[in-house]
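One chain follows as structure tokens, the form predicted on its own.
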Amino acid sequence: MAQADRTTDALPSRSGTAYRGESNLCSLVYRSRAKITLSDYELYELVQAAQRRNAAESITGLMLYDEGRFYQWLEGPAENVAGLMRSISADHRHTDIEILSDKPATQRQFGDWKMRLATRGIRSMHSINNVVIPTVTTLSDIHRYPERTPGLLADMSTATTAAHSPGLANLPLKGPAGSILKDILVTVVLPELLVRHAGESRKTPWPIDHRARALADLLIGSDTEAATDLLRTLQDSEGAIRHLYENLIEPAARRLGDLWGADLCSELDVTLGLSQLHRAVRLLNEEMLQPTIPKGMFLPAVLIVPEPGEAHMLNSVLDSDALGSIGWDPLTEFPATDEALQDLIAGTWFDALDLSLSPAFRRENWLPRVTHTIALARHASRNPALVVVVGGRIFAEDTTAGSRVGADNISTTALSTAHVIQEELNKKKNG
């Protein structure tokens, strides 16, 4: 360990203006082994959490992740670094923690880097400027000679970030959105296509978690066409994207709400992202042929509306498309008030009312409001046996919320809406 300390004694510093004049600084370098392999998005979330925590503790540094190993440089007030190291030591995601250097410092090596990531290739990050790409030689030396890690990490303090790395200008997909799209195409889409080509069942579940995260990242990114491009790429051979509703589009909408909850985006970003999804779904489904229904077949008359005042209309759009895809002809409206909804219900016979809240936010405090809306709608309806089905994130995550607002049932995903409505109609008909 003495050799590791000597390695950094005479290193040139990258002093950051935000921390000049500090006293009682120290730097600490450690390595550890990850207990499980981290995906790009788990790594991204880890770095984001570290940046928020480090900003509060005046800690800066660099984290290198490669082949299941963490190598991290931490610098800042000695008591803060010590406290952070205690927290790191208790983290269940890694083990075999080994301190490689722990010493006082006269100034910061990494300036204002709250925490940057060093890793191979381009990682799917919101800001690609958060990523430093080490050379193959550096990675090899760190694995072979861990005692050299402090010096090798320090050398990266002046490294070119991924956004300006040589050769990246030749990539067909550029920028953060492009790197996410490229990552998904290589790691998900191509393997899925190979599985299909091999003749395996189309019912095989898609690996959706990281794809939903990637789509949410694209939706709050600066490239407004990237999300549509990704969805278009993931369409099946017939051009349909409805098989992505439950496994990708709806989870991505909830993911937007989670990003807002973690202060990684604004409420406006969520609204714009949902609007992008709305637009993409409509655009891609307009390219499809609609089914023809035999004459004389009974089709329920369904009114689809978001809760009056609800700005997030994606659930209504998905439900409308899902019902239309099987030949139903629902009426989709966007009443601004309960009175406007009452006028719709009173003016036309409807077998069912499909009422939805935000797919991104839970809206728990809106439940009394929904209860009032449903009561008014039933009172105004020309159909005394009106079926009311509700949807939205709160109803998908709390299956008791539907009965509490006076609905007949809940629709947890757009593709289940027709079945739920028909089931409730049959109950009332036979009851």
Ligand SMILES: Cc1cc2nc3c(=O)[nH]c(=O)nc-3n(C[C@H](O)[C@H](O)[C@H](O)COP(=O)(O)O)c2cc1C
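So that the term is clear: the rigid core is the largest set of C-alpha atoms that superpose within 1.5 Å between two forms. Fair warning: this is a prediction, and the values are worked out from it, not measured in the lab. In case it trips you up, residue 1 is the first one in the sequence shown, and so on.
Beyond the structure shown, there is the form predicted in complex with this ligand, which is absent from this document and is the topic of what follows.
- Residue contact check for Thr135: none of its heavy atoms lie within 4.5 Å of this ligand in the predicted bound form.
- Heavy atoms of Met63 reach within 4.5 Å of this ligand in the predicted bound form, making it an interface residue.
- The closest non-hydrogen atom of Arg53 lies within 4.5 Å of this ligand in the predicted bound form.
- By the criterion of a heavy atom within 4.5 Å, Thr149 is excluded from the residues contacting this ligand in the predicted bound form.
- Exactly one of the stretches 87-95, 350-358, 136-144, 149-157 approaches this ligand in the predicted bound form with heavy atoms within 4.5 Å, and it is 87-95.
- With the partner removed from view, the residue among Leu376, Leu46, Ala396, Ala385 that has a non-hydrogen atom within 4.5 Å of this ligand in the predicted bound form turns out to be Leu46.
- Only one of Gln109, Gln72, Ser101, Ser316 comes within 4.5 Å of this ligand in the predicted bound form through a heavy atom, and that residue is Gln72.
- Residues of 359-380 placing a heavy atom within 4.5 Å of this ligand in the predicted bound form: none.
- Comparing the forms between the shown form and the other one, the C-alpha position of Arg31 differs by 2 angstroms or more, with the core used for superposition.
- After superposition on the rigid core, the Cα of Glu75 moves by 2 Å or more between the shown form and the other one.
- Relative to the superposed core, Asp91 undergoes a C-alpha shift of no less than 2 Å between the shown form and the other one.
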